[in-house]
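Shown next as structure tokens: one chain only, the form predicted on its own.
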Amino acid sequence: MSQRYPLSDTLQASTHQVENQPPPLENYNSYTTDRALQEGVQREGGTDDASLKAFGKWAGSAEAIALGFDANRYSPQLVTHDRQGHRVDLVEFHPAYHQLMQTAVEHGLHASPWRNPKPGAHVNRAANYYLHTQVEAAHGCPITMTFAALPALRHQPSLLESWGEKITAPHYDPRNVPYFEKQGVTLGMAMTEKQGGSDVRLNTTRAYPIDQGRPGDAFELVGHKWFVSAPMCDAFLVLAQAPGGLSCFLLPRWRPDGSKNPLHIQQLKRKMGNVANASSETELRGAFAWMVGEEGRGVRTIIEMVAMTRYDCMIGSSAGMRQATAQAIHHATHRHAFGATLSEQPLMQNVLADLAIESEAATTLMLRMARAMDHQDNEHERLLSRIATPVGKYWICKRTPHHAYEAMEVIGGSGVMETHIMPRLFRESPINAIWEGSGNVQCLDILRAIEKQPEVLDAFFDELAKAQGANANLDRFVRNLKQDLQDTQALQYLARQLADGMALALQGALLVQHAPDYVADAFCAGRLIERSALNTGTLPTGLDCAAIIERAQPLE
């Protein structure tokens, strides 16, 4: 006969009430609650405020957020052969990934400025991409590459004519069928090889002409690619050594006759982040491809695609900062410790305000670049985008990992649990800094732009001059930056310091012109005055941290 334990029986159902736990940040509008984004869209020429409000409501919904979790919980799986033994090179994804891809394509994130080049098209697209990436970042890789491929294809009008409509169509078709059976397609990029990495001139993949070997003609490619992301794209822009030198090619996943192109996936990469996106190693075993642009000018042809992907890296990292800031502020606003709400405690206010101004500075610079993309017929905008794109890509992407960590620390133990979005944001945070050219590559590109087109530096300082006289700290910083650029003897050695200074000066100038004084003053005081540390939460006294935090609140 079992003994009874009355107290234990009573307490088995519940030992305590759950208290002082912040609710999940969901079912909010991630556009209307982001004042820096809203103001920036209107200022830089965006025209789709109503659709952005609708998209922001979706992006902040519990349903959309769940898609991001599922797409990362169930990673892509490689199937090299079917059950009969035929080579299929198929990557299978969770349905959540396909839903995210479909939403992105139907909203034009892959091509809207090319399909409908209306005023503010790049600003509208950047804002939508920024909202969508906060839901889930990894699937943005094929979206970005599709978006960036079209400028490169302009070098080969015959291919642009046959592929352009499908590339820009708002139709997502994940079926493993030839491109000519689809209404819409996605494009990828395959440049990197084992022996060269960023130095693509060391590529060994060979291209053998099938026809006469002219631009637009067919070739067969033999070699390997070390890093091919999104291998389920319908075609890839590839670099290979033709008889006349390194050239660019468009390689479809299926040959024009409907047979499978021998682009063989060897394995999927096991990455620390970007898990929902498949990245692969491939072998090209006589793969069919068309030459794009002039033979021997492959880098020149594909560099336009690379420039656009670097621009998207800025958007993606800015989005990661915004989501991390929103999560930190939401948590601190709903959590009490030591007798007070966390967000009202002075030291926590210093941290939260610092996170918020870093996020707003990134968003403001990103949207300024979107306006420059909308006005490439203007010489100032064209020159500014040439130099400010590598500056912004270098700085914003490099600042994101530390920013993500600090936001995670605000949240504490719950922030490292896989049930929270912060571990995913942290794992994603270094990706954009490394992809599409790491920090050193961006810094050298800045120097290359200055050397080849000295007028880009004039455009850069003309942009800074718009804020002259508005903030003494900024004025002093810009004067020192000009002096630093005069020392041409050590420019490459000091390239990172110069890139740092250029990024901070440009962000400061934009905030001084467009942000509330309490934001601009905090940025200039916290970033442009020489101090021993730039750790988050080390802002000087005398700033209105409460107003900065209130401005960045994710809930209305």
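The first residue of the sequence shown is number 1, and the count goes up from there. On a predicted model such as this, the values are computed, not experimentally measured, just so you know.
Not pictured, yet referred to below: the form predicted in complex with a small molecule.
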query: Contact stretch among 482-490, 176-184, 224-232, 159-167 - heavy atom within 4.5 Å of the small molecule in the model of the complex; finding: 224-232
query: Triple contact flag 335, 411 and 545 to the small molecule in the model of the complex, non-hydrogen atom at 4.5 angstroms; finding: no
query: Close approach of residue 271 to the small molecule in the model of the complex, 4.5 Å, heavy atom; finding: yes
query: 4.5 Å heavy atom contact, residue 204 and the small molecule in the model of the complex; finding: no
query: In the model of the complex, residue 436 touching the small molecule (heavy atom, 4.5 Å); finding: yes
query: 4.5 Å heavy atom contact, residue 440 to the small molecule in the model of the complex; finding: yes
query: Position in contact with the small molecule when the complex is considered in the model of the complex, options 387, 348, 251, 145, heavy atoms within 4.5 Å; finding: 145
query: Listed residue that, although the small molecule is not shown, lies within 4.5 Å of it in the model of the complex (heavy atoms), from 78, 444, 450, 470; finding: 444
